[in-house]
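Take a look at this one chain, the form predicted on its own, written out in C-alpha cells.
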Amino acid sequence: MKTSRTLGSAAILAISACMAAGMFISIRAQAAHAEEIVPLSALDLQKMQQGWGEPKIDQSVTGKPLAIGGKTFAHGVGTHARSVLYVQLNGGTSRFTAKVGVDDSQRGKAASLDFRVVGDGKTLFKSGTMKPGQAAKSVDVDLRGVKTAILLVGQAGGGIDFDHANWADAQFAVTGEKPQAVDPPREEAVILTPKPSPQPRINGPTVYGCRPGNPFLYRIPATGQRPMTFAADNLPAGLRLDAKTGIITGVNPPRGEYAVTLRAENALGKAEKKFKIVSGDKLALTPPMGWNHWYAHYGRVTDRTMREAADGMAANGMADAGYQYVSIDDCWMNAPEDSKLDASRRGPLRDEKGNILCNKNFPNMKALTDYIHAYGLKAGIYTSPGPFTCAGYCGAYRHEAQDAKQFADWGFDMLKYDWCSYGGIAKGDKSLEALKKPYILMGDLLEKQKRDIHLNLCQYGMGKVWEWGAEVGGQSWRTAGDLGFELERIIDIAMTNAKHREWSKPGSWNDPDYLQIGYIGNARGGGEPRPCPLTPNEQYSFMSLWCLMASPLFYSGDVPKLTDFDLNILCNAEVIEIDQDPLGQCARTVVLDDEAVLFVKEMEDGSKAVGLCNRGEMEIEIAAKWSDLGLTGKQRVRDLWRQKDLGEFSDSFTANVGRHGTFLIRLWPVK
C-alpha cells in the first residue's frame, strides 16, 4: 500500500529556488560557452595610427619578442606612441583584457608613456605613466553596450623617442557582432575664413631686414579688387616702387632704420600700413614665408614645376597674403652616371672648372630666378655640405665657395643646407665643433656675396642647433626630423618645438618643417601628390600652431591643386599676423590635462594670441583662464579663423574644441 504525501508551501518554494538557480547556472554556462575570443591582432592594424614604424603582431614595434618587466608574452601587438586605434563594437563585445607596458628592449632609455581605453567618450582604463622595466599593468574593462572603443598610447613627458608600447595578451570577449578596426570619424571640411574684402588691405610684416648695398626686392602683399595702385611715403633713396604691381626694387639703403608708409588704393577704398626697413646685419626679422617643392614633387621636380608654383602663388592669393619664396629642394643637380635615377637626372657633376652642373630638367637657372623675381617673389635653392645630397645628387663638399658664388650669380635668395652625406665626412664626430663646422663655412661665404641669402640649417636638431644656429650665420634651423613621416604628431611636435622658445627672436627662427595640406606626396615613397591625410581640424591646428610658434611658414604641396578650403587655411591674414608679429616670440604652453593644452603668445601691441588645443580623440570643452594666461581684468576676445569678435570676458574664455582641433583667439585688454 502506497503512502501519499502533500508538499508544504515552504518545500515548494525551496524546490522553485533550486530550479531557478539551476536555470541561472545553465544560462550563464551557455552564455560563457557562446562567448568568442577575438585577439587584438586579428583586427585590421593598418587602421592603427602611430608615431613611428608600423604595428607588429606578436612582436614589439622593432620585431623583437614582446616583453614587459622581465616577462615575455607570446601574443599581442607592439606599437609606438602616439598610437590610436578606433574599434567599432556596436554593443557586441563584453570585455577587453590585456597586459600593457613599455617593451623591455627600451630598458635604460628615456621612454615614458601611458595607455588608455576609451568607450563612447568615457575613459574606462588609464595606466598612468609607465617606464622601461616596470611590470605590466592589467587591463580589464567592461564593454557591454559600448559602440566604439579607442585604444590609446600617449607620451607621458618629453618626446616619443623610445616609446615602444606593448598590448600583450590583448583580446576582446565577444557575444555578438565582432569588433572591427575603423578609421577615425570623418569631418566636414568647413571654410571658416571670410573672403577678403574687395577694398584694399595691406598684409605681410611691418618690419623688413636687409644688408647695405645688396639688391632689394619686396612685393607689397595686398588683397582687394584689382586694378590697384600702390605708393610708398619716405621710401629710401635707391629704391623704386612700381605703382601698378606694388613691387619695390633697387639697392638696399645704407645702414640704418627707415620708417616707410605703404599705401594701396582701388575704386572701393584705400589702405595704408607702417613698414620699417632695417638695413644692417640681420635678415628675416620676421619668419620667412614661401613654398618648397619637396613634399609634393620629390625627385620629379623640373623648371616647369617651379614656374607653375610661382604662377599659382601670384594668382591664388598666396603672394597677396605674404608668401615670398619659391624654393627648389633636392634633385636639381646631376647625380652620378652610375646611379639608378633616370637619364635626365644623371650626368657630369661639375664642369672642367669645378662649377656645379644642373640636370637636364633645369636648363637655365638664371632665367628661372628672373621669372620668379618678375612676380616680386624670391627664389630658394638647396644643397648639402657633403659630397652628395640626401637623394644622391651632387653636394657642395670642397666646392663651397664656388657654389655660394654660383647661387648668388644665379640670383637665389635662400639656401637650404642639408647635413645628408656630411655625416660620412664628420665620421661620427657629434661634438659641437664638428656640427658647426660646415655651417660656419657656408654662413661666412653667403655673407660675402653681393646678395641677401637666407641660410636655413637642415640638420634635424642635432647638438641643440637652436642654441647656436644664429651664431654660425643661420636665420632658421630645423629642430627635428622630416615632418612628412609623422604628420599625425603635429600637436606633439608643436609642444616639443615650443620648449625651444627662448631662442626664437627676430632673425633667428626655430623651424619644425613645412606645412603639408592640400595635395601632398607620401614621404615614405615619394609618390605623386594625393589628398592630405589630416582631418580638417588637424589642418586648422597645423596652421594655428605654426603661427603661434613664430615658425617659418613654407607650404610644401601641389600649388595648382589648392582648393578654396586649403587657401582659407593658408591665407587668413589675421592668423598670419600672429606668425609675423615683430616681437618674434614663440608661444609658451600651459598643459591643463591629458587632452587640453593652451599655447600663449605675447604680441608686440600688448595683446595675446591663444590656441585652445585638444590633443584628445573626442570633442571637449577647454577653458582659458586669465590666471593661466597672465591676464587680469576684462578682455576683448576675437575668433581669428572666423575673423569675428566674440565679446568681452572677465575671468576666462571657454570653447568646445573638436578632436585634434585648435580654437585660435586674440585678446586685448578693455580700457
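In this text, all values refer to a predicted model and were calculated from it rather than measured experimentally. All residue numbers refer to positions in the sequence shown, first residue = 1.
Just so it is clear, the following notes concern the form predicted in complex with ligand GLA, a form of the same protein that is not shown.
To test your reading of this chain, name the stretch in 242-250, 580-588, 325-333, 349-357 whose heavy atoms come within 4.5 Å of ligand GLA in the predicted complex.
Only one stretch qualifies here: 325-333.
Pick from Ala136, Leu89, Val84, Ala391: which residue has any heavy atom within 4.5 angstroms of ligand GLA in the predicted complex?
So the residue touching ligand GLA in the predicted complex, by this definition, is Ala391.
Give me the residue from Cys458, Leu598, Leu368, Ala550 that has a heavy atom within 4.5 Å of ligand GLA in the predicted complex.
Selected option: Cys458.
Distance check, Asp418 to ligand GLA in the predicted complex, heavy atom within 4.5 Å:
Looking in the predicted complex, residue contacts with ligand GLA include Asp418, since a heavy atom lies within 4.5 Å.
Quick one: does Phe554 come within 4.5 Å of ligand GLA in the predicted complex, counting heavy atoms only?
No, Phe554 is distant from the partner.
Check Trp509 for me: does it contact ligand GLA in the predicted complex (non-hydrogen atoms, 4.5 angstroms)?
It does not: once ligand GLA is placed as it appears in the predicted complex, Trp509 has no heavy atom within 4.5 Å of it.
Is Arg478 one of the residues lying within 4.5 Å of ligand GLA in the predicted complex, judged by heavy atom distances?
Flag for Arg478 set to yes.
Heavy atom contacts to ligand GLA in the predicted complex at 4.5 Å, residues of 264-295 in sequence order:
Only a single residue, Trp294, comes within 4.5 Å of the partner.
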